[in-house]
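The data below hold one chain only, encoded as structure tokens and taken in the form predicted alone.
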């Protein structure tokens, strides 16, 4: 499917700040059968945008604003061609990826509650276990916007029994890792014209690595595999590796964030 994405992030300050550094992961990946056909990024105030590619093939842009300002805007537009499902391109993990995607991370600590939850749904093989865990997360958690924030960890989500797509992904990742199944976080977008209230245009899901088979991409928020309606931006151990935008500023101002995203088929 060919999709167009428009993503605008605006940071407003109640008084002037003297400097801001911003990092962005907004360019759709060229990986897993997905192709980014075009990408444009504009910032206001204008500044020189630098770029590098992470070892996981995530595209990172960053820039500095050194002049005093009270508003910072980042606007990206892209067109992408998505596959019907993830087309895996690696059937073995490097020792570093094996370590990264099996060990507990900032948002996916290994604790007794997560281990008990994961153990309940163990099946005869890794693939069946992953699908059982996806269904368990989907049925155990209730989708409630505002119930959590960007600092909420997987064990807290299990205690609350509710959260948003980021939380569903973190609980499933932590559960897979408890069972020795490598798992990673996916940041991206979802095109879903028949929305049932379980998604936004910005979205998060996860990949699980099945030995001898490779990566499969699953969305526990919707209890399904990745389809052509999903656009992948970046992958990492958890949300802390791949936020679409993050930054720091110099000053004592209070910051207000506004994000507007639209995804349209072409």
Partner chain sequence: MMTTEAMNRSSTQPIVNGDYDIGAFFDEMFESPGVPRPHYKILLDHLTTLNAGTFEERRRAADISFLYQGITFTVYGQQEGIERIFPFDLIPRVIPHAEWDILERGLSQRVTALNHFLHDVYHEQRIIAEKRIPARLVFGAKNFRREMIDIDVPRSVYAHITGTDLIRDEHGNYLVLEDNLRSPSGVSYMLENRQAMKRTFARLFENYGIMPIEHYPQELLSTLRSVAPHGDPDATVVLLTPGVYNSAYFEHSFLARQMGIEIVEGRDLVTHDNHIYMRTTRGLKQVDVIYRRVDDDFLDPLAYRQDSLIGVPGLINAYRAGNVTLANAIGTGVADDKAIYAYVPDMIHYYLGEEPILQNVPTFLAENDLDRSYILANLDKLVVKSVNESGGYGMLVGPHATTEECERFREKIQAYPRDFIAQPTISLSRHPTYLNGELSGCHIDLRPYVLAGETVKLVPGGLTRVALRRGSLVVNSSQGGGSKDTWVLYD
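Source: prediction; values computed, not measured. Positions refer to the first chain, counted from 1.
Separately, the form predicted in complex with the partner chain exists; it is not shown, and the next lines address it.
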| query | finding |
| --- | --- |
| Contact of residue 95 with the partner chain in the predicted bound form (heavy atom, 4.5 Å) | yes |
| Residue contact check: residue 248 to the partner chain in the predicted bound form, 4.5 Å heavy atom | yes |
| Contact of residue 237 with the partner chain in the predicted bound form (heavy atom, 4.5 Å) | yes |
| Partner contact for residue 100 in the predicted bound form: the partner chain, 4.5 angstroms, heavy atom | yes |
| Triplet 192, 225 and 228 all within 4.5 Å of the partner chain in the predicted bound form via a heavy atom | no |
| Heavy atom contact within 4.5 Å of the partner chain in the predicted bound form, the stretch among 228 to 236, 213 to 221, 56 to 64, 27 to 35 | 56 to 64 |
| The partner chain in the predicted bound form - contacting residues of 21 to 47, heavy atom within 4.5 Å | 21, 23 |
